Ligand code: AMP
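Okay, here we've got a single chain as structure tokens, the form predicted alone, with questions on binding and movement later.
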């Protein structure tokens, strides 16, 4: 429930992306095939979704009891009614509504203020007596974040305790909120208390909530000026509910103390140096965060740094401390960090103890391989930036794109090269170490970001909500800021720079297939993907995450996928089925947990292929993925095998669909079912293969000769394609060879 600008839609979208529970959003602004509809349509849709065993968000204002009543009637012994009341200040809601653009219901600009004011006059706080199982009141962003965490963590079998939580003034009128219907799942009767089920991470939070009447976790985005300690394991993810830049979009470096464990540096001196260098960094770099991490709540260095940061009034949005495992900050603590620092040994080898051993172990052998490519050793006071391949568990599980090795001073007499209590030299080395570390982090931002001077409006429109892509960071006076920083895997040719976005004009000589949008450049991506997604490569991602903004270009929208015609098709019929799941950039990111999504994508692609076959039974289709696409966001190609297209121009275009580089959807699903991963084929060798007909396999010297041949070739397809339903044929032809 809530007035316009309360963040209802943002709340829904965040939970849908984050939760393993199946949710469907019912919004009156879009219920009529993407356009505004009626309350009765919402009721009908909600009823249908509940009957399918899914949970529902009713995304309407629902500000008075009468508006809520008919939805509450959908309740039953199998269906619980929950209300989340986003009771934020009216001024904030009005400000958000006035400033926003591209709103689904077109409620924006000057007219929004009057509408919000009028609606808030009718608000009535919900009561349990209306039929609600549970009501959660949110009066500020911290409360909203706590509610997000609670609902995002729900699995299909989880329940929440009943009651009314978080209401500070029972006599006040409601300002904002969301109604939720949770579909209960019957637990098998033979499941006893000793059943071997993993304990859900929400259990601690639910118990805590019962005891404290929904006491909310501390808000790390508070601007009080005091550094805070954030405790891991509470799934804290700062998320802006008003569409502005959220904390998860901000480049974040997590670093351990590099001087106080085995190196035995004085804690007081170390804390002063840390904060000295932190202050220098946060005063130079906007929209970036530093996080000091330690495993123990009793950490002396964390306590000292936190207290000293409060005395210095360091902005806690830009620097805070965090208790947790630096290798599991997102999966265990909900803290998104794009880069982490490793207190390394001088040989840059795994082993030893502390952060070094943990980070090398968590990152897998990929980190050691990538480190060896760059350096064999490190001297005290220096840092080394190492980009992680997408195959590294730290990348795929935690979203960490870089590890920065850094070596501090050594005060331990039991280790070689001890400084023997020379704190003059030791402090100098430690300052150099943190300077090198933070400059390395700045170089990552500089390389990966589009540095914007712009307003918050520009930030909202340009920011990519990706944990592996930095945008919108204005860096000031960072050493070497204007120098070009080389990074292995970062490449954007002058040709590809022409290909900028979904609506941009495209040069006729671009050899890349765009919006197919495959841009097949010479960069090796595959399983060692460490490239930066340029703005031109983000188009599919933005379409998948915000389909309501691209409705005119889409032919199907659902909770799991969107479907569009390839803007530069390579055949008579060429569609893309895009996954609407955050963090699935390409085939290398897919694992067993995504099998249902892959099957859904395949079923949707098959449906469209069969539709086209009803129109033209002579067509033949393949469904598959490119091994290493250069357009971000996992997408399935549905392509007819005539290859009759003016956009099919060169060898790479042809081989991307007619070599092992193209992975058939049925094979991908089978491989992931059996092995947990799909085989990613080598890009360079496959895309440079000679041109061969996909039917008779005859070789041809150039594309014009090949295209002339395939327009007349009537040979049967190779046996490998005729097996395992890799080809989709018209029913009348399915019993014979095409």
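Positions refer to the first chain, counted from 1. Here the structure is a predicted model, which is why all the values come from computation and not from measurement.
What comes next is about the form predicted in complex with the ligand, which does not appear here.
Colleague: Run the site superposition, bring the ligand over from its position in the predicted bound form, and let me know if the shown form is open or blocked under the 3-atom, 2.4 Å backbone or C-beta criterion.
Modeller: If you fit the ligand onto this chain using the C-alphas around its site, the pocket comes out blocked.
Colleague: In the predicted bound form, do 4, 29 and 119 all put a heavy atom within 4.5 Å of the ligand?
Modeller: Result no, not one residue of the spot touches the ligand.
Colleague: Hey, of 626-634, 315-323, 394-402, 361-369, which bit sits against the ligand in the predicted bound form at 4.5 Å between non-hydrogen atoms?
Modeller: Looking at the other structure, the answer is 626-634.
Colleague: Is there a heavy atom of residue 344 no more than 4.5 Å from a heavy atom of the ligand in the predicted bound form?
Modeller: Contact check for residue 344: no, nothing within 4.5 Å of the ligand in the predicted bound form.
Colleague: Is there a non-hydrogen atom of residue 612 within 4.5 angstroms of a non-hydrogen atom of the ligand in the predicted bound form?
Modeller: Output for residue 612 is no: heavy atoms all beyond 4.5 Å of the ligand.
Colleague: Would residue 568 show up as a contact with the ligand in the predicted bound form if we use heavy atoms at 4.5 Å?
Modeller: Close contact exists here: in the predicted bound form, residue 568 approaches the ligand to within 4.5 Å, heavy atoms only.
Colleague: Check residue 649 for me: does it contact the ligand in the predicted bound form (non-hydrogen atoms, 4.5 angstroms)?
Modeller: Judged by the heavy-atom cut-off of 4.5 Å, residue 649 is well away from the ligand in the predicted bound form.
Colleague: Please pick, from 88, 309, 335, 564, the one residue with any non-hydrogen atom lying within 4.5 angstroms of the ligand in the predicted bound form.
Modeller: It is 564.
Colleague: Which residue among 123, 574, 277, 580 has a heavy atom within 4.5 angstroms of the ligand in the predicted bound form?
Modeller: If I apply the 4.5 Å criterion carefully, the residue I get is 574.
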